[in-house]
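One chain comes next, on its own, written out as structure tokens in the form predicted alone.
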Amino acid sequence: MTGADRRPRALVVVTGSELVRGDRTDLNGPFLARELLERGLEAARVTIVGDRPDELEAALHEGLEADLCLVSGGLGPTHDDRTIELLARAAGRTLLLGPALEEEIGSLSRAFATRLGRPFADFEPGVRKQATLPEGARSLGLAGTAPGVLLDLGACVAVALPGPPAELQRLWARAVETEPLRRVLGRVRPPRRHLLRLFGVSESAVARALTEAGGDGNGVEVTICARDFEIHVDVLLEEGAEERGETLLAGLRSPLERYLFAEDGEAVEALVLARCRARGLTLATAESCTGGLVAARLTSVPGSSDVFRGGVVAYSDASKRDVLRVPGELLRSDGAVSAAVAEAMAAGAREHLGADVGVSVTGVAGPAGGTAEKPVGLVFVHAVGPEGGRGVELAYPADRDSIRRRATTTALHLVRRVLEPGFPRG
């Protein structure tokens, strides 16, 4: 099989000592891997490496052995931004100063220096550094003062992108339009992809359903992943495997139908807002142990303001009583962490914020505060809409963050169910 005929191989190198040390979470590696997969090319490896020159150069040497090497980070003006220098060394190319690029970066830096009231001379070394590229490389444009860089080595196409995710994504869109990347990506076909998204079922139950449906293989690849307390079943169909894939999907849908809530990448918070919007309903939240996380998920969706009226973080008994009008007698008799108080909080959110739908969360997130009767991990969620309401009790002993995240996801799914056609159901 010739090099032009075989399936191309891609590697992603993400650099930054802050990522290796755990100070920050890498967002660029997963983004680039998803982008490649959507275009039919699965990354063989995503490598995270610190700023040490020897470690980064070794990772770049390995990356350049692939057909496509994508690099994130290390393009700035400071001493520890070494990606371009080491990429040139790994590729055996000399570094050359680009006068046009120097002028482009310098223009931005001069304006920046003026705003800060500092002399441009302070910025000149960084400008020259960022305008110096490996021989034969080209700029993909600037994100801030850092250029994205494309280097076509023939056997390998290397793309270096800035570390900030928004900047990387902007320049990646330019990179995929270039002839060298089109040449590599033209050798693969995007697979047909189906994403089954489930809630309220275990991974083992989904795995059992997959086995009973015939399992993957023969052009069908299935990945089962627990993500934010949902189960995502990713089904990739290679060319020629469509019929087998549809049979497998039907075999999965049948036993899992009651848990299946979406077959696309739309998040549950977007689905909730869309359902409210379709019915002309508004939504409000009342939260205690989740501290506003449900509201944060909802407001992360652009355009949510036409549905979401607002939220109340009622952490103390006094705020539950005074703001949400939870009866003091109920707080004394049942306690703040109870099904009755969750129901009263949801009703209070509707009334206080003038919404059609209310959802509440109250519980013990820990690590302290639990008792024998109400241990850490006990959470009550309640959602109420025009057709009635429903409550859920969670008993999930875990760390504080996991308890809060699980409660948040459950609250959103409970609203989704309350808004389903035919609610209430048994």
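For clarity, a rigid core is taken as the largest C-alpha set superposing within 1.5 Å between two forms. Every value quoted in this text rests on a predicted model; they were computed, and no experiment measured them. Quick note: we count residues from 1 along the sequence shown, nothing fancier.
This next part talks about the form predicted together with a further copy of the same chain, which is not shown.
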Contact check for Val149, Gln169 and Ile403 against a further copy of the same chain in the predicted bound form, heavy atom at 4.5 Å: no
Residue stretch of 99-107, 288-296, 152-160, 257-265 approaching a further copy of the same chain in the predicted bound form, non-hydrogen atom distance within 4.5 Å: 288-296
Proximity to a further copy of the same chain in the predicted bound form, single hit among Arg174, His352, Arg244, Arg197 (heavy atom within 4.5 Å): His352
Gly388 within 4.5 Å of a further copy of the same chain in the predicted bound form, heavy atoms: no
Arg309 within 4.5 Å of a further copy of the same chain in the predicted bound form, heavy atoms: yes
Any non-hydrogen atom of Ala58 within 4.5 angstroms of a further copy of the same chain in the predicted bound form: yes
In the predicted bound form, Tyr315 touching a further copy of the same chain (heavy atom, 4.5 Å): yes
Residues from 22-46 in contact with a further copy of the same chain (non-hydrogen atom within 4.5 Å) in the predicted bound form: Gly22, Asp23, Arg24, Thr25, Asp26, Pro30, Ala33, Arg34, Leu37, Glu42, Ala43, Ala44, Arg45, Val46
Core-superposed C-alpha of Val14 shifting 2 Å or more between this form and the one not shown: yes
Core-superposed comparison between this form and the one not shown, Phe123 Cα displacement 2 Å or beyond: yes
